[in-house]
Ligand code: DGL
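Below sits a lone chain in structure tokens, taken as the form predicted on its own.
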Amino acid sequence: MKTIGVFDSGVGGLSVLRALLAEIPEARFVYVSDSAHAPYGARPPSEVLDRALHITRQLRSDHAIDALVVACNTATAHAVDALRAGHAGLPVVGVEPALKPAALMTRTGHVGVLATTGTVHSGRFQRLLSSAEAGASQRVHFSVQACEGLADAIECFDEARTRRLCVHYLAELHRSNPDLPPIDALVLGCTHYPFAAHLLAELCGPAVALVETGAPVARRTRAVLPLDAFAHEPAGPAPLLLLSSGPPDALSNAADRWLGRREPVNALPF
């Protein structure tokens, strides 16, 4: 049985893990919630890089992972290149805002993007944005909104605050380019944001498609592992180990709520 490590600054990466569990039930998963250092989006890039490098070393030494999924857009932006360079034998899959799929999907040519401040200001995101604009088959404009505090509100299960922030940032997004056609595709550029999809869908209405990255990341993860890695049918639910650097109840409750699994949470040994 192959072991796949997955990490995020908190519980948002469970949206990616949910897709991984569905796509690769034959694997064993170790999920790290680095909630003592959350949110990554508000931290300096050097600090995010240090945490990513440290977590990866521990996952390799303590759990002998066969692949790593960086289930955080900010950590991908600041650390995935260094992780691949420092762990050449380890498949490393990152997550990025789904700009290119959204560009293919839009009919109005106007795509909205919600992401953390750390992601929006990263060089990797700016390169992705330029590439998506240049590669689109039609002229597409991306309106990008940094959402300070939204990931934290979702992390804390604060529904009222999450709704207020969604209302605020959607209004800011629409105000930023009032002369363009209406947005008809909204990229959820943080792995926390799919857990607010019910609010965003309600606020945006049925004419706006929400675009996230969990399923493509899961398919990519299966593809980078050896072809014989999943030769046997699973006997039951994929084994899952949950680790947290912060209070265990937050991760336990989130896994119960969003994965439908009540699992014990172990403290991170680092």
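Since this is a predicted model, take the numbers as computed values, not measurements. Numbers for residues come from their place in the sequence shown, where the first is 1.
This next part talks about the form predicted in complex with the named molecule, which is not shown.
A residue is said to contact a partner when one of its heavy atoms sits within 4.5 Å of a partner heavy atom; residue 41 meets this definition for the named molecule in the model of the complex. Between 216 to 224, 200 to 208, 65 to 73, 241 to 249, the stretch whose residues reach within 4.5 angstroms of the named molecule in the model of the complex through a non-hydrogen atom is 65 to 73. Contact annotation for 200 to 216: no residue has a non-hydrogen atom within 4.5 angstroms of the named molecule in the model of the complex.
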